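Quick heads-up: it's one chain on its own, the form predicted alone, in structure tokens.
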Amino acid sequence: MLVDSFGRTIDYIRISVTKNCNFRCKYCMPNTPDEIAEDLIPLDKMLEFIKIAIDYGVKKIRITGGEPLLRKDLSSFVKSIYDYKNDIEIALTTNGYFLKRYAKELKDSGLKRINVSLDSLKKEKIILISKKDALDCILEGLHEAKKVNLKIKLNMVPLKGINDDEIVPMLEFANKEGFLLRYIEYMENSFASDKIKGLKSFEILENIQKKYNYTMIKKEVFGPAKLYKIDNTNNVFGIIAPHNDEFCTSCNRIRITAEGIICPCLYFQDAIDASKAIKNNDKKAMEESLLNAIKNKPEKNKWSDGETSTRAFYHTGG
């Protein structure tokens, strides 16, 4: 079992398999080059690190990016994890652009869940936010993922003056389709556009309450969201609020980048370089790197103090 110095059990690891992405979202990487140079860890070598984490009690693995579906060998990586321990919760976060092509293949490989970033139901707003005419592809991908029985969550980042008028329509779309929608507070970072401002959780809730009454029910079992239920329905939505100290109190996650850097916290740059150990398949060194990352995990981020992170989220996944 992995327990950090603040008594939190770490049983969830997020693996970024690339820092490249075909979108350039305002809140993530709007001004980065079209192609980012990276020294990728081969996924068969990354698997050996993941096996060690699983043996230490990791129960959930989420594959992220950048955009993970840019990796053509992703399905075989998912299958390798599933074959090692088939009760691991394997999930994927994607922008959905390539999902129609890969949904069935991923499901057949052992993937259980997907989170799809969808910030608007309007084509022109998707183009404005992501610099990509992508809405049709995303919706087709969601349809295919639903067809092959992947469990689906939607992630929306509400931005003032951009898509905040779609908070309720997005909820109604998710409810109609049977998806769990999670609103994510914009996490201030130095790689994002300096012209955007996100909504805090109370503002999102105020917006929803103009049409629906709701009751908070619980936190997600494996995730960071607080869940709310619309009164007199079975419809549930979530809010991920990193500006709230409770976000960190219950944190059970670490991250590893596509280049083998273990990140104990999404906010801070502090990290453990395990790349050499992974490339050399040095199991003892990999184990030491993992344990040091858990030991070095900070108590909390600084978003609640109004500070901006200097970490590039496309390196680590969100």
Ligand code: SAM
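When you see a residue number, it is the position in the sequence shown, counting from 1. Note that this is a predicted model, so its numbers are computed, not measured.
There is also a form predicted in complex with this ligand; it is not shown, and the following applies to it.
Contact check for P68: a non-hydrogen atom falls within 4.5 Å of this ligand in the model of the complex. In the model of the complex, this ligand lies farther than 4.5 Å from every heavy atom of L74. Under a 4.5 angstroms non-hydrogen atom cutoff, this ligand in the model of the complex lacks Y82 among its neighbouring residues. Contact annotation for F173: none of its heavy atoms lies within 4.5 Å of this ligand in the model of the complex. Heavy atoms within 4.5 Å of this ligand in the model of the complex are found in one stretch of 279-287, 58-66, 257-265, 43-51, which is 58-66. For the options C28, C251, A293, A274, the residue carrying a heavy atom within 4.5 angstroms of this ligand in the model of the complex is C28. This chain appears without its partner; in the model of the complex, the one residue of N155, N235, N207, S201 with a heavy atom within 4.5 Å of this ligand is N155. Of the residues in 183-198, those that come within 4.5 Å of this ligand in the model of the complex through at least one heavy atom are, in sequence order, I184, E185, Y186, M187, N189.
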